[in-house]
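First comes one chain, alone, set out as structure tokens in the form predicted alone.
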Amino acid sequence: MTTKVFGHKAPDTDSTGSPIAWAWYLREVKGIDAKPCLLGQPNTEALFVISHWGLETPEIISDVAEGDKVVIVDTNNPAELPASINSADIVQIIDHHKLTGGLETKGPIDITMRPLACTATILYDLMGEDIAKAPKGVKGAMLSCILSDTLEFRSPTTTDHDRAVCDALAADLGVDIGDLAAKMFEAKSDVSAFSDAELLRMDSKEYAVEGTKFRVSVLETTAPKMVLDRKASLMASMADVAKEDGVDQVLLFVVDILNEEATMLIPNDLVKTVAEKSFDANVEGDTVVLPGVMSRKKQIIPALKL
């Protein structure tokens, strides 16, 4: 049986590149029949990475069947995985997020969770000397994952080890890190083809605070004006997206990569309260700028209060 390797829904670069890299390792080094899969359409940056490194876009799946062998990377949260995930045979989890709970396995499995900025950094370590066997596309995907998740080392989640692995891969590939990151962020910033609902779901995670369910959406961009020019329609779409997704409210943070700050949209009094209590902010309009806020995992979700 083929082992399916996938990350979270709304795949970003790490949840696209890491399944590709780990499926290669399982197949070519460990002799396990494995293939990468995606739980949705990858974002524009991930699509650029696939094209730039000459990779094939993994199959997009909506669910898993009972007994399917699966490896989960870049998440351990059932809310970000197929509805039938606990019916599958989960054989491995590799992640860099906090332990959420709720997954069930058929027996003891191999779990690797490390406090690093990117899943691909963990994969590099697990591959060890076998990374030398990886084709250029796999190494390039891993390099791109780390640059994406660290925002080219601007994110507070970045560790010295993430940077060292990135430097090693870039040197191996003969790649200029700044040039590759600039091209990736340019691709990520072009959101003109996406509807408001797609933007609100593109890079989002569900999180509850005192019984109130939020979809916490982050759009990382070098061109925040492109997104903020649509703030009225984005805010108008939040209620419909929240209702369709079974949450109480959508929170949207537009992260300005170059200026290292986030702009939070404030559509109503509930979100105003969240912004003021969570970030000690003074909200006077329908947006508020949060200096230095770059990371949902480290700076946004842990701070949320009502």
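One-based numbering along the sequence shown. Computed from a prediction, not measured in an experiment: that's the story for all the values here.
The same protein has a further form, the form predicted in complex with another copy of the chain, not shown here; the description that follows concerns it.
Q: Thinking of another copy of the chain in the model of the complex, which stretch from 219-227, 187-195, 111-119, 167-175 has heavy atoms inside 4.5 Å of it?
A: Residues of 111-119 come within 4.5 Å of the partner.
Q: With the cut-off set at 4.5 Å between non-hydrogen atoms, does residue 102 touch another copy of the chain in the model of the complex?
A: Taking the distances in the model of the complex, the answer for residue 102 is yes, it comes within 4.5 Å of another copy of the chain.
Q: Although another copy of the chain is absent from this view, report whether residue 9 comes within 4.5 Å of it in the model of the complex, heavy atoms only.
A: It does not: once another copy of the chain is placed as it appears in the model of the complex, residue 9 has no heavy atom within 4.5 Å of it.
Q: State yes or no: in the model of the complex, is some non-hydrogen atom of residue 128 no more than 4.5 angstroms from a non-hydrogen atom of another copy of the chain?
A: Because no heavy atom of residue 128 falls inside 4.5 Å of another copy of the chain in the model of the complex, the answer is no.
Q: Is there a heavy atom of residue 93 no more than 4.5 Å from a heavy atom of another copy of the chain in the model of the complex?
A: Output for residue 93 is yes: heavy atoms within 4.5 Å of another copy of the chain.
Q: Out of 133, 154, 183, 106, which one falls within 4.5 Å of another copy of the chain in the model of the complex, going by heavy atoms?
A: When another copy of the chain is considered in the model of the complex, the option within 4.5 Å is 106.
Q: Of these, 231, 97, 215, 139, which has a heavy atom no more than 4.5 Å from another copy of the chain in the model of the complex?
A: Checking each option against another copy of the chain in the model of the complex, the one that comes within 4.5 Å is 97.
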